[in-house]
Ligand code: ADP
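Below you will find one chain, with nothing else, as structure tokens; this is the form predicted on its own, and questions on how it binds or moves follow later.
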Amino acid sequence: MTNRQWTWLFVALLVVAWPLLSPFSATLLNYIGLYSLVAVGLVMLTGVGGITSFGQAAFVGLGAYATAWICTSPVAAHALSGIHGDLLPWLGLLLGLAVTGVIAWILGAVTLPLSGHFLALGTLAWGLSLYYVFGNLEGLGGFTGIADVRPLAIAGHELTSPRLFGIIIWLVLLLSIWAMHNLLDSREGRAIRALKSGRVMAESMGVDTSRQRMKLFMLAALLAAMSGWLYTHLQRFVNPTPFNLEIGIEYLFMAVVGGSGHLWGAVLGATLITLLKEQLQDWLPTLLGTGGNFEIIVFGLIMLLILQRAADGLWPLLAALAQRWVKPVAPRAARTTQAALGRRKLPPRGQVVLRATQVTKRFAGLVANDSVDLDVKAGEVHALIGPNGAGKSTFFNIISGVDDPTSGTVTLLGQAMMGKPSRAFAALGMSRTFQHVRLLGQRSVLENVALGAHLRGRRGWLSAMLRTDRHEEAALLAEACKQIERCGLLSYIDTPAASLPLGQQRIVEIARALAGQPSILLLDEPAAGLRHLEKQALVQLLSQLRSEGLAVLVVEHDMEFVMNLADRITVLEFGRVIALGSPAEVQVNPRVMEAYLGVEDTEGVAA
């Protein structure tokens, strides 16, 4: 059976078992469903996007209090006097999502620019603040709370039974998991996966990482608000207690323990922690014969043990054990499509594509680049070489938009690029690789290369969630497959990128850069780690790209590789250009020989 068939089997078993559950079991499953909905958002936010949040309970509270207020407040009753009472909970849902969206946007704008532990502390701060806001506003009932909330009604039938209401909870949860799975299995999903460990790389592929992080933050907040709305109409009562900081930490535990990068891990984590707390509250007083919160101590120790033994969560362990019963899905690359992506018209051969003029970069008193001039023309391979510490990497980052120069100008296809992010360079037709390979290690070669074609797609999050982007997605994957085959990696197309040797990982980066159909290709030490035959194949590939009219700039230490490939060479030493010319001219240049060999008797060396 495939993963999809196992999922349908689980849903079928849930449907069959639901009428047979005891009232207590049905209520327990309702809470597992509510907690899972929040944990799914945290899997997306923390596990996939790399943004740690301890404050999701506050967003649950916003959704809960919004619908409780609109159903019970005299002010709301007066303002909505002409609306049928059964519609009030649905208006509460809209109000909760709207309020949560606005507050999440404000908090995200303040919090997300932070990094590391400052980001986590920021979520703690506003999570704690919102909890006390709920408890200190008299209009929200203070710490006493709001009672007699109107029940949810569908077609005139009130859902007052936990068994009936649970159908709505699990339907919302399953639809959310389906939508999140679709999102991750898309162009936008690849951009989201790049946020955790590859923001510089993602920006160079054209991904607006700040915007993606904000959207991900708001998505997790809205899922939490939906859980709060369902919670309020299940309980028909709300107070601040379920939205405190301790519950926020538990939500994060659910996502991490279940498997922070896996959607079904959220359900597993919520189930495990809910059942564990329930059982500990029953067993410990019997074993210890005394009251107290001993379950919290034992619960904490068990969580430490799980996190120590299963750092990636329990879902990957279960998936590995169940692998013998799960049929692998047919490789995505095997799918054919008639779809085609738009192609960029390359500049005429000989036209200057990239020009750097008097580029200087200072780090306090250190001058990394000093008035460097360089231009790259369409249909040529231009090499940038120099001894270690010559400033090549710094200059490479400046002309690709990763860093800004202290002074000087960079133009791409005639447009001034000063102060623009690297995604703006990518939008104009620049693709690049990195000195230290930057790939999504656990994702396949196909997915890594398809990320390079990000800007060639247009469909957004909603289209991905509803699977209306399949035609475009097929075209993107077909383009990625084409570039993988072109680079000689077709046999590794479904292999996780991290399992490849370093040399092949560099070829994957080149294939990813080519998937963007660039006008200029920047390669940072592409031959490092390649064997002799692989270097020859790379020379043939780059020569073919040159003949097609592509501009190529190469930073490389392998002089044989450079001399056999480059049309022109620029040599840097201590941040300054010391030579520019053809390979033959550079090889006999006295300053170049002195820089590389450290001798002044260049005539003897030349002889």
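Small disclaimer: the values here were computed from a predicted structure and weren't measured. All residue numbers are counted from 1 along the displayed sequence.
Heads up, the form predicted in complex with the ligand isn't pictured, but that's what we're talking about next.
- Query: Does Ala390 reach the ligand in the predicted bound form, with heavy atoms at most 4.5 Å apart?
  - Reply: Ala390 belongs to the contact set for the ligand.
- Could you confirm whether Ala368 comes within 4.5 Å of the ligand in the predicted bound form, counting heavy atoms only? Contact with the ligand, yes.
- Thr274: touches the ligand in the predicted bound form, heavy atom cutoff 4.5 angstroms: No.
- Closest heavy atom of Gln235 to the ligand in the predicted bound form, within 4.5 Å or not? Gln235: no, not in contact with the ligand in the predicted bound form.
- Query: Only one of Gln212, Thr72, Thr394, Gln351 has a non-hydrogen atom within 4.5 angstroms of the ligand in the predicted bound form; which is it?
  - Reply: Of the listed residues, the single hit is Thr394.
- Please pick, from Phe143, Phe118, Trp283, Phe363, the one residue with any non-hydrogen atom lying within 4.5 angstroms of the ligand in the predicted bound form. It is Phe363 that has a heavy atom within 4.5 Å of the partner.
- Pick from 382-390, 303-311, 419-427, 258-266: which stretch has a heavy atom within 4.5 Å of the ligand in the predicted bound form? Careful reading of the contacts points to 382-390.
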